[in-house]
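Before any questions on binding or motion, here is one chain by itself as structure tokens, the form predicted alone.
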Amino acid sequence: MTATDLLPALKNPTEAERQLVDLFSAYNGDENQRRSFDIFALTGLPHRRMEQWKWSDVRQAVTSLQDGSANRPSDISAPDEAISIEFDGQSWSFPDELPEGLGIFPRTGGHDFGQADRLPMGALTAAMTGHEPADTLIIEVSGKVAAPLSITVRGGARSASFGRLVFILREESHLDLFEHYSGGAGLASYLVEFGLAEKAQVSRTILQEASTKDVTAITSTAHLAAEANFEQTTLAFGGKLTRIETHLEHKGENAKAVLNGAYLAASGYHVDFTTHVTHGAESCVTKQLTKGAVADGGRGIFQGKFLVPRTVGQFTDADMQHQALLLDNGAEIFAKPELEIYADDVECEHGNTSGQLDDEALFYMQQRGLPKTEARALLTEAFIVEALEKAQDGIREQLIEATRKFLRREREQA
């Protein structure tokens, strides 16, 4: 299929979309990849006229594909015993020797993505991956993996970077996972998929960093069988535009999910946390806590939705909370929490607050001799770290230290 064949599907394509068509045409993809690209082409790059993207206009942010920045330096390091997987913007590398219960398999050719019609950046990534060198990995977990898995993703100063991970967790298996996304591509889109069998467990910690030249989309999906447990903690600093999107479905009874996160946006940085949870089985639990702090010129976005169907969603226990601080005049925060409930025997709550620090608490700390800037930083840190409590033991303190540096304006911005 040539670029000329594909372009008519895109209405009034931008220069970036034309470049994506050329890039896809050069891959000569298979049927699954072409299907994913056809779905992406129905809308093109997400834009403000799409309800779920009205505050994160990728089309406007990426007018053409241009080389990204150098990868951000970072003080964060994975635990010493971690199993390391790295992505250089084009291909994955991983150890030859792996512990018992863990298998890693490069995948070429298209791999069907069932949610392509709902997730445009996921559809684009599914279309653009499955090529040589290996940009898609299948990771199979069949037991309790003794060491955590550390995944480092760099854009490689490329104009576009696409990578895909598919996790398959067998019954009663367990995986601790740390993912570090450090920017470095003008447009980067990554797709991470989880399938958890009965009583499988995942503890996932995500750190996202980038520069104000980088547009990054991290699209994740998770399907939980009966009594599966999925915990996710995210700390994001954003970029020119960053979207961290998680779609989770409870498919078996008594499954549990925790989706916690914190976003910190300095001037010129944009962070979007979007989640969608479907309670597709009885007696499932979801707890979600998102905290944010945004400085003058920064933008933070939270969109969360819990869907509880009428019959299969009975006895749901779900709680969604979003709390954010505007650190300065000129900060922007947009929030849209939603509950769509059709079942009649559930416990579902949600809350949303945005505001400034408590003046009385600030005054009290200053009266005890703390400078105003230090008092503000300490209060904001105490506010944010609640959302990081479930991060992995070897990473949690490093995330808190990165938060401290941001709040004291010691963190390098680019």
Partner chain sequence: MLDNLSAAVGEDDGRKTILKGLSLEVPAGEVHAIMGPNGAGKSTLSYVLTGRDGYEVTEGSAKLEGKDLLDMEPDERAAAGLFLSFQYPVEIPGVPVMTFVRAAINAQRKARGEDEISAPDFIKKAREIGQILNIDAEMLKRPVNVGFSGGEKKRLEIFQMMMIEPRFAILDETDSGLDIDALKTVADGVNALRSPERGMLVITHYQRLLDHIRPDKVHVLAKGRIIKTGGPELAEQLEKEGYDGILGEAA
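These figures come from a predicted structure and were not determined experimentally. Numbering follows the first chain given and starts at 1.
Form predicted together with the partner chain: not shown, discussed below.
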item: Interface membership of L379, the partner chain in the predicted bound form, 4.5 Å heavy atom rule; value: yes
item: The partner chain contact in the predicted bound form: K372, any heavy atom under 4.5 Å; value: yes
item: Contact flag, M50 vs the partner chain in the predicted bound form, heavy atom cut 4.5 Å; value: no
item: Exercise: A361 in contact with the partner chain in the predicted bound form, heavy atom 4.5 Å; value: yes
item: Region of this chain that lies against the partner chain in the predicted bound form, out of 31-39, 363-371, 55-63, 343-351 [heavy atom, 4.5 Å]; value: 363-371
